[in-house]
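Read the single chain below, which is given as structure tokens and is the form predicted on its own.
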Amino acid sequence: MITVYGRPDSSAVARVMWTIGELELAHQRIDWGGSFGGNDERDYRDMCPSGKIPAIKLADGETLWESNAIIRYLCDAQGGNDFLPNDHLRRARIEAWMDWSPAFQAAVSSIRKAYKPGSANQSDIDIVLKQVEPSLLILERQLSGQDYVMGSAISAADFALGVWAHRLWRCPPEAKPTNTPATWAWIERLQARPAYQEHVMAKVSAGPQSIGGG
């Protein structure tokens, strides 16, 4: 049994929970962080020096923190899948996209912040869309002609990027980029996956409280 510490509307927690769902691992999640508090408790800081969420505790009592590190561990521990394969070059390429994911998160976050319901200024939104276009097009080019970030099979690269893809999808039409058709098709494929539906679509809110992993 894996215990996950973190609130469900956190992007960092959602990507870990999605990974757990895809791997069909026994787990429990404890509400932690944000309005639930607990980040600065001594026992939690012993598990997670940064005090951010998520952190996990394994059945043997060992702990791990930082969402991408947790994803890597979970995929490695299960083995026998293409999420994070043993082939060194393919694995490194997957991890490169995981390491790049904060740039995609920053781009989507900028779009979300530019849109203020009831007082959104389209010219301001258009400026932000232009500013973040280079980052969005990096992913768009990678997805062109293939189902997932690394080809025909889902991988840890998708786990790292897919939660913020859902946040982009939840933006209103006037704040959505129009030159990323491969990205939208990829998001639709993610949305068809039961684990994504359960741990990302049903749990990740569109409100500002869900930005970031703290």
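Residue indices: 1-based, along the sequence shown. Quantities reported herein were computed from a predicted structural model and do not represent experimental measurements.
If you look for the form predicted together with a small molecule, you will not find it shown, but the lines that follow are about it.
- Checking Lys52, His27, Arg170, Arg189 for any heavy atom within 4.5 Å of the small molecule in the predicted bound form turns up a single hit: Lys52.
- At a distance threshold of 4.5 angstroms between non-hydrogen atoms, Asn39 is in contact with the small molecule in the predicted bound form.
- The small molecule is not drawn, but in the predicted bound form it has no heavy atom within 4.5 Å of Pro177.
- Shown alone here, Thr19 lies farther than 4.5 Å from the small molecule in the predicted bound form, counting heavy atoms only.
- For the chain shown alone, Gly162 is not a contact residue for the small molecule in the predicted bound form, no non-hydrogen atom being within 4.5 angstroms.
- Within 4.5 Å of the small molecule in the predicted bound form, a heavy atom is found for all three of Ala12, Arg15 and Glu66.
- Residues with any non-hydrogen atom within 4.5 angstroms of the small molecule in the predicted bound form fall in just one of 181-189, 144-152, 27-35, 56-64: 27-35.
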